[in-house]
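Heads up, the chain below is alone and in the form predicted alone; it's given as C-alpha cells.
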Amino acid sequence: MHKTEKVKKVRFAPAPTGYLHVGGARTALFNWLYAKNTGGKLVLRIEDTDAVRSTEESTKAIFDSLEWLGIDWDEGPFFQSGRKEIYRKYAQELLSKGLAYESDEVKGAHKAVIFKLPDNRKIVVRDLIHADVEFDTSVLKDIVLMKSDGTAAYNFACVIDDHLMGITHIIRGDDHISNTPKQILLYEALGFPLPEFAHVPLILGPDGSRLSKRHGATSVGQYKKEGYFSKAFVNFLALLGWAPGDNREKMSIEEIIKSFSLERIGKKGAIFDVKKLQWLNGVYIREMSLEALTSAVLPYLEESGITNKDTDEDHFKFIISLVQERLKTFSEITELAGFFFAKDIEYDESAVKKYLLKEGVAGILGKIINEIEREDAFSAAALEKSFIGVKEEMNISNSKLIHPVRVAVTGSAASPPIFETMIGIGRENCLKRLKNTLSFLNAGKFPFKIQGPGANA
C-alpha cells in the first residue's frame, strides 16, 4: 500500500436481536477478509437502538460466533445505544439547516425528526459488485432520523457512525441496497464524503429462495453445536458467492485472505449446499491429528453419557482412529462409535433380518465364542486365527462368518474392519454380546419385534 493511500476501513454492524445468521456471518467474514487482504481495519458496531428486541443474550451469541469463526476486529465493539447524544446533535444540525422537520404527531416523550427528501432527484448507487442502480426520490418517503422515543432510526445512525468511524467501504447484503439512496442523501446533507458500496448477493436455499429455517439450521451457533469444524465452516462460507478463480474448494484461511477481492464476488445468489459442507467438513476431519480429533469429539460422547471415564486414553484414541475416515461432523461420533462404549447395544432390525435370522448362524456364533474363549490373546492375529479355524471347520465363506459376527457385536451391518472393531469393543464385551445374540437366536426372540418373513413374535 502506498504511504499516501488512505487505510481501508470496513465494519460489521449486527443488530443483537437474535443469533448470528449464516448470512450475517458471511458479511462479517467478507469484511474481515477484505481488511486482512488490503492491510485495512475492521470495526465492530452493535446496532442496538431497538431496546425492545435487543438482548444481552443475542449480543453474547454474536461475540461467541465471531470468536468460533476466528473473526477478530481492530476497533470496537461500539454500541449505538450509548451514542444517542451524537445522533441528536446531527439531527439538530439538519433541523437548523431547514433540511429536516419535526413531526406534529407526538407518540413519545420526543417529537420525531424527519428528513425531507428533495423533489425529483435521481440517485445513482455506484456499486463495486453490481451495475449502477438508479433511484427516483419521487417514489421514496421522507426519512425518519429520530424516532419519538428519542432513539435514532437505522439509516440515520448508520450514516453518522460510518462517517465518524472512518468507514471507507461498506460491504453488506444486497437486501440493504434500497437503504443506500436514502443514506447517500443524508451523506450529502451532512457534508460527509461518500464511502464505496459493495452489496453482496444473498445466500439461497436449495430451492432458490432466500435461506431460512425451513431449509435447516441458519445460525452459526447451531452449526457449531452440530459438530462442524470452524476452519471447514469458514472455508465453506468464504466460497458462498466468492471464488478464487481456479476451482479450489479446500483453502486455508491464509490462502483465502491472499486471494480475496471484491471483484471476484458473484452477482447472483449462492446456494447453501449442506451436503457440500458435510463433505468439506469430512475432508478437514480426516486431516486432523488424532489428539485434536479426540478433544473435539469427547464433549459429544460425554454429553450422550456413553463414555466410560475409566477407559484407557490410548484405547480411547484407538477407537476414534477407527471411525475418523467416516466422520463428517464431530457429533456423528455418538452414532459411529457409541456401540464401542454402550452397555447394551441396539440391534438394527434390517441387519438382524439379513444376517442373523439365517439357518446355521447360531452354530457359527457358538463356534466363534468357543474360539475366543480358548485363545489367551485378544489381538488381530489371534482373532484372525479364530476366524480361519471356524471357516475351515464349517466350510463357509468370509462373508457368512464376518457379517453375523459384526451385527452381533455392534448391532449394525456397518463398522470399521471387524478385528479392529472387536479389539475396540474389548474381549469381555465381545463375548457378552455374542452370547446375548446367541441366546436371542436360540430363544427365537430379539429384544424388539421383528416384522416380515422369518420373524418371531
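This structure is a prediction, so every number in the text was calculated from the model and none was measured. Note that residue numbering begins at 1 and tracks the sequence as displayed.
One more form of this protein, predicted together with a small molecule, exists but is not displayed; see below.
- The small molecule in the model of the complex comes within 4.5 Å of a heavy atom belonging to P14.
- When the small molecule is considered in the model of the complex, H130 lies well away from it, no heavy atom lying within 4.5 Å.
- Using a 4.5 angstroms threshold between heavy atoms, R172 counts as touching the small molecule in the model of the complex.
- Of the heavy atoms in V220, none are within 4.5 Å of the small molecule in the model of the complex.
- The candidate spot formed by E47, Y154 and H176 lies fully in contact with the small molecule in the model of the complex, as each residue has a heavy atom within 4.5 Å of it.
- With the partner omitted here, the stretch from 239-247, 154-162, 337-345, 368-376 that lies within 4.5 Å of the small molecule by heavy atoms in the model of the complex is 154-162.
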